[in-house]
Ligand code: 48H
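Taking the form predicted on its own, here's one chain by itself in structure tokens.
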């Protein structure tokens, strides 16, 4: 017999277990775009406890829309191995690049991250960071609906050894951190801001800019280029995925 209250109990018991298991973790990720999802998978594969918080109802960031809502993305040769690693189908384009379905790509990035053991929470925003003498020590989180409704509701906290800002163009966590700590590890100490589209430069720079931007806070994906003042890249996603893999490797070395 189907009982509505038993359904509710099952959801609440399991949801609360997931959030309780995420209160003190190795790595907290803000942003569920391709860089965040790839980082979550490789971190979990490496044995780290990792939770990802996405403010929207769906993960995937800008990857869902492909290029101008044509559901196709391009990946260059350097990142083809990540497509293979996630089981994403692709065809080789005559220009020596690879074309994949954007919807399949998001679905498989998400599924592989969850299969590896990463916990993903949607509709939760990172509204602040915790700071101690050692640096950034976690996220302050709240339901995204609270902000959307402009409600005065106090948030909760997640403690983590390391944090990743993978929030894309807005660089939400780095903006918060910069206001609280004064200076980031950028040339000016500020968020430099992204430049106009230049895919050739951006694809290499997004990996180069994937690094620790303040003690225990890393930046990855488009957020890395926005923080360090590099161009945007449009619907080519190899650099984004390589950035997610790099930030996972950097953190796993320290763990």
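What you see is a predicted model, and the numbers here were worked out from it, not measured in a lab. Numbering follows the first chain given and starts at 1.
Beyond what is shown, the protein has a form predicted in complex with this ligand; the following relates to that form.
Of the candidate stretches 168-176, 155-163, 92-100, 110-118, only 168-176 has residues with heavy atoms within 4.5 Å of this ligand in the model of the complex. For a residue to qualify, one of its non-hydrogen atoms must sit within 4.5 Å of this ligand in the model of the complex; all three of 53, 126 and 197 qualify. Shown without its partner, this chain lists 63, 230, 207, 44 as candidates; in the model of the complex, only 63 has a non-hydrogen atom within 4.5 angstroms of this ligand. Although the partner is absent here, residue 236 is a contact residue: one of its heavy atoms lies within 4.5 angstroms of this ligand in the model of the complex.
Contact check for residue 27: no non-hydrogen atom falls within 4.5 Å of this ligand in the model of the complex.
Residue contact check for residue 35: one or more of its heavy atoms lie within 4.5 Å of this ligand in the model of the complex. Although the partner is absent from this view, residue 226 stays clear of this ligand in the model of the complex, with no non-hydrogen atom inside 4.5 angstroms.
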